[in-house]
Ligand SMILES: Cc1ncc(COP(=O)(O)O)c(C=O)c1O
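The chain below stands alone and is given as structure tokens, in the form predicted on its own.
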Amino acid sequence: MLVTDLETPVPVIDLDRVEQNIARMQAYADDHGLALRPHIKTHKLPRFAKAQMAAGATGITCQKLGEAEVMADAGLADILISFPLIGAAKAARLAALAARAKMRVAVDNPLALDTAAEAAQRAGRPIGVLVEFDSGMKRTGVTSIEDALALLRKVRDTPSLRFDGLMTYPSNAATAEFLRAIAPLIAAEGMAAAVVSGGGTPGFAHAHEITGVTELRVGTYIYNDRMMLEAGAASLNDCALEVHATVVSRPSPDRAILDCGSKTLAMDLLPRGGVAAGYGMLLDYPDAVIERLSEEHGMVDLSRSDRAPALGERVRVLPNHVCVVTNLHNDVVLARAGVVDSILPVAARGLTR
């Protein structure tokens, strides 16, 4: 079957580009002495997680227990959950995972640490802990060295836990400053941060410049998207996932309607200051703008394009944020040179707990 035979809208993944992206990121990590721990939230597919491991990754990163459970079921055995887990229900599930995989969790507060300790006790196996610190995103992560030290001391004093190191997102100048300040204090405690885990794809090429970072967590690189183009982290030839859509209406000469809306492309826009507009790039009509989305409609402004797609024409859309697009679809199509290789269920789709 050719990809052009598929009904639209449909996400199509170029396997050659995926393999190229996996190899390139692994080569970067190897060249700079960094452990690579890919984040599976982008693809949510055991097939690709295994491919990343086969290429040389030291383990995988998951954001949710549900993702980790899917990956462990598929045989992935070294998993970091980079999100605070809190409560008895989470502890029970983490314990079940720890009984069959090497588990590591990120914490930035005592309740998350207690949850990890309860899980390790129930599993009868130690769970590694990374103390997360904030590098300026103002998301999760302790904001002071004192709070970080308090948590690592508590990890040290909890027999069921193992202090493995530190974690942050993204990796930047603030990361380096925090690491310079805390390193001698950790040593004074008689401890060592064997792992300092940083990330993400937009700035990955500078990860090796941050003294102290030992591990790279990246997810989007396997597919890339319009945000990665804007960040300078990828070229069009690195973008592996496209949404194929059909022009279902041409109400006026300067407007086209696609059969893909917010339930297909998501509502993410590029960061403020970006030069590109709209809810995705029409690859064959780059001057057209997907200016609005309803649930099933994509409204395209053609007023700045010297060419226009015809009614019934099949078009290719590069998503702004591919991770969300993956999570919106039950299945994805894998292809080589326009020929369908396989159609896979997105195994970890929709797992928000």
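Position 1 is the first residue in the sequence shown; the rest follow in order. Just so it is clear, the structure is predicted and the values come from calculations on it, not from any experiment.
Although it is not shown, the form predicted together with the ligand is what the next lines describe.
The stretch among 312 to 320, 294 to 302, 33 to 41, 48 to 56 whose residues place heavy atoms within 4.5 Å of the ligand in the model of the complex is 33 to 41. The ligand in the model of the complex comes within 4.5 Å of no heavy atom belonging to Arg104.
Remark: Ser82 counts among the residues lining the ligand in the model of the complex, judged by a heavy atom distance of 4.5 Å or less. Contact annotation for Arg139: at least one heavy atom lies within 4.5 Å of the ligand in the model of the complex.
The ligand in the model of the complex comes within 4.5 Å of no heavy atom belonging to Arg226.
Put simply, of Thr115, Thr264, Thr201, Ser171 only one has a heavy atom within 4.5 Å of the ligand in the model of the complex, and it is Thr201. Proximity to the ligand in the model of the complex, taken as a non-hydrogen atom within 4.5 angstroms, holds for one residue of Val218, Leu258, Leu94, Val129, which is Val218. Scanning 1 to 17 for heavy atoms within 4.5 Å of the ligand in the model of the complex gives no residues at all.
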